[in-house]
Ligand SMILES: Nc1nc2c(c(=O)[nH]1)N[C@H]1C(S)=C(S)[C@@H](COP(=O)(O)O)O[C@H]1N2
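Heads up, the chain below is alone and in the form predicted alone; it's given as structure tokens.
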């Protein structure tokens, strides 16, 4: 199952078509479960395959497929973790996990769509609206977009201020009644149900207000900046 060694950056710059990506994932997952213990299969099968694709893990979990771009997933330490808000703001913020949870809590149920074609229905998210974070930072009039930076470097992505203010966009710290699991972006992830999942940045640790949106990790590799479900990426 090992693939020939190729420079990671070269393959990372090539957009995978939806059919090709799904086929590769299916092949990798099928081999994974045909093997022995999950840990042995993951190290021997999934990692060589996904490393060549610029994806560090593809593991199904209750209907989900988990994609990462770094060699390991970030770990959350509530004693040291901070969410910073900066850029074009009057008052930069550094919020602890408890600070975030002290903001007005909202809960919603929405479907999650991956651009590669799979869907997870009726996910219950709880967290905070972005406006409830930003009002404490007081964005400058010149700010038109937000850039979300993940602790899984180099992953980041942007939304316009108008997109971030949609009524179903939130920063989630709970998923299906429990704290967001590590593989889903603990302790905080962006959720924007009207766009494909690559816009829902996991492990969010920094939000910068900027004058213009910029291309995120997957947009730099060929995907659409505005990832509206059914209206982008060749849909």
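Keep in mind that what you see is a predicted model, and the values were worked out from it rather than measured. Numbering follows the first chain given and starts at 1.
Beyond the structure shown, there is the form predicted together with this ligand, which is absent from this document and is the topic of what follows.
Remark: none of the three candidate residues (101, 173 and 192) comes within 4.5 Å of this ligand in the predicted bound form, counting heavy atoms only.
Stretch 68-76 is the contacting one of 161-169, 83-91, 126-134, 68-76, since its residues have non-hydrogen atoms within 4.5 Å of this ligand in the predicted bound form.
At the 4.5 Å threshold, heavy atoms of residue 145 stay clear of this ligand in the predicted bound form, well away from it. Taking the partner from the other structure, this ligand in the predicted bound form has no heavy atom within 4.5 Å of any heavy atom of residue 187. This ligand in the predicted bound form comes within 4.5 Å of a heavy atom belonging to residue 183. With a 4.5 Å cutoff on heavy atoms, residue 155 counts as touching this ligand in the predicted bound form. Scanning 196-235 for heavy atoms within 4.5 Å of this ligand in the predicted bound form gives 197, 198, 200, 201, 202, 203, 218 in sequence order.
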